[in-house]
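Next up: a single chain in structure tokens, the form predicted on its own.
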């Protein structure tokens, strides 16, 4: 098949692009490189640097494409609070631009990568796709708005659409910005370096941490799954883990005695999050394979940034 991946040089985009290329598909990638790394992509991926709002460029890249994976987005929740206009322009405006270009060229399927953040605080766990969204940040609002645009425009113009609400994905190659880094990548880095793990709040908040290889398998299935038009499907591990347990596992896997500090004055965010995977099993045949402990070990093994540097002793003079 022929694929276009927007956000192809990002964490999930690169993992997906490389897997598709290994399987013999033709893969085109688009990324503005605001956070992505083109060096993470296989030479078999036809990469183009560009903006997802550049419709003429999209028209060129979409020729003869069977399915689009739309991952291009700004993804930092704290940053979105500071710059909501930019998040709207990229996450919502970029989605509309892509859908218009797909209509113009005649591409018939899109898989949109949304986020579990759209649920916000909910009373019942695990979270089913039928729950009423309660977004708590401009980032979450932008993802929810993009979901509605994808589904509505797809319905109007005859494009098959599927939105995957990916929960807290992690794994080797995850971007580590200087400010507001993702929690698992940051904890692993601090644990390996003997730094300090800073926990927001008391650490009782829970999340659903899903390993990147599991997310990629769900995305692969989404390209050809039958009977999924208009669907919204959760992709997670189905396991609820609080941050205290995450800290324990990180320190154990990294064999580290790094200091842990709890900061009760910082907002821990949503209190609980865990994905219900019933629909993913039914529609995509999806079943996560990696436990959190296994995923942490694989991340340490595969990501050179987390390997300890062993100091060498200077040679003694004879």
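Positions refer to the first chain, counted from 1. Keep in mind that this is a model prediction, so the values were computed, not measured.
What follows is about the form predicted together with a small molecule, which we do not show.
Asker: Taking the shortest heavy atom distance, is residue 174 within 4.5 Å of the small molecule in the model of the complex?
Answerer: Yes, residue 174 is a contact residue.
Asker: Residue-level question: is residue 50 within 4.5 Å of the small molecule in the model of the complex, judged on heavy atoms?
Answerer: Output for residue 50 is yes: heavy atoms within 4.5 Å of the small molecule.
Asker: Using heavy atoms and a 4.5 Å limit, would one call residue 276 a contact residue for the small molecule in the model of the complex?
Answerer: Output for residue 276 is no: heavy atoms all beyond 4.5 Å of the small molecule.
Asker: Is residue 9 part of the interface with the small molecule in the model of the complex - any heavy atom within 4.5 Å?
Answerer: Residue-level check for residue 9: yes, a contact with the small molecule.
Asker: With the partner removed from view, which of 264 to 272, 61 to 69, 25 to 33, 285 to 293 is the stretch that lies within 4.5 Å of the small molecule in the model of the complex, judged by heavy atom distances?
Answerer: Contact criterion met by 25 to 33 only.
Asker: Would you confirm whether the three residues 126, 234 and 280 all fall within 4.5 Å of the small molecule in the model of the complex, going by non-hydrogen atoms?
Answerer: No: no residue has a heavy atom within 4.5 Å of the partner.
Asker: Quick one: of 168, 190, 88, 241, which gets a non-hydrogen atom within 4.5 angstroms of the small molecule in the model of the complex?
Answerer: The residue from 168, 190, 88, 241 that makes the contact is 168.
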